[in-house]
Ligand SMILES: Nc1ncnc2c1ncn2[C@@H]1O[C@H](COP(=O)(O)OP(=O)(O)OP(=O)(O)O)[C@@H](O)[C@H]1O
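Starting off, we have a lone chain in the form predicted alone, written out as structure tokens.
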């Protein structure tokens, strides 16, 4: 057996309480093989000793069941003292002062990544966290419009960029530098260089969360990101219809291949809520909108129902395929559209709105996952 064979075996082990395996979580720090002996080094950040021990015992059990090794050694990083144990090769590095870096991604454009990223960042801010928001869509930056910003960032004497402050969070976008109306025509190497510069040359300071708004696809930005930066995880945004899911799957699978944890799926444009009033009506009434639908009208004549314009259940299908949670479903909403176009995202503009509550729930679920 080789190291990859061992990793495939270890993918059978889910971290306690989650449907994601310890390999995709990035908990397998290294695998060292010598003849019929194998050593597995685990990096488990939880302070709960019973969880650590449970994972270590499961690693021993599945490797023993393979029947290929006489000696199996399982340790955590803080237990490793022996100089003979080879450490994992250097990989992506964390950003100094930033606890968690979370990417918002999709294989397809137009699914609402920027809207989700901005409202997620604001939800985390409202929960008392120090948050940064970085727009990495170099070809079509959206955050200047979504956040209503027309300023340019300041440059320090040592050529470092100072992020702008908006709604209590730190914000940076290529649109602040290039001008949002200027088309960007760059080849891959320049895109990779600018992406890396946003990591190295922006003074973020101390943050609890840095939210990355990624461009669509699986191109230069995504590859540079996973090679240069250690991510806490990625949130996949999709819409319900099949054509969106097809592209979204490619993006999700790319992150899995580079060992970046997928934290969950957000389904955007998840149906249109229609409500109205029929004077003098009450009981069951047939309302013919794109086909008949029986809608309950209350005694006051008020009715409400959801019209699934783009089918239904795309987020559930993708979350089930990936074995990760469906973090939330965001309906099509005039209120959400108006807030986004006004430069004041709905979580900040109308914090009591039902959609704002959905974003707050998504934030809670992400916090729980990355801090486990």
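Residue numbers count along the first chain shown, from 1. Treat the numbers as computed from the prediction; the structure is a model and nothing was measured.
One more form of this protein exists, namely the form predicted together with this ligand; it is left out here, but the text below deals with it.
By the 4.5 Å heavy atom rule, the three marked residues 21, 264 and 319 all fail to count as contacting this ligand in the predicted bound form. Here the chain stands by itself, but in the predicted bound form one stretch of 200-208, 165-173, 251-259, 105-113, 105-113, has heavy atoms within 4.5 Å of this ligand. A single residue from the set 29, 46, 333, 306 has any heavy atom within 4.5 angstroms of this ligand in the predicted bound form; that residue is 333. Contact annotation: of the candidates 161, 101, 269, 149, the single residue with a non-hydrogen atom within 4.5 angstroms of this ligand in the predicted bound form is 269. The shortest heavy atom separation between residue 216 and this ligand in the predicted bound form is within 4.5 Å. Under a 4.5 angstroms non-hydrogen atom cutoff, this ligand in the predicted bound form has residue 341 among its neighbouring residues.
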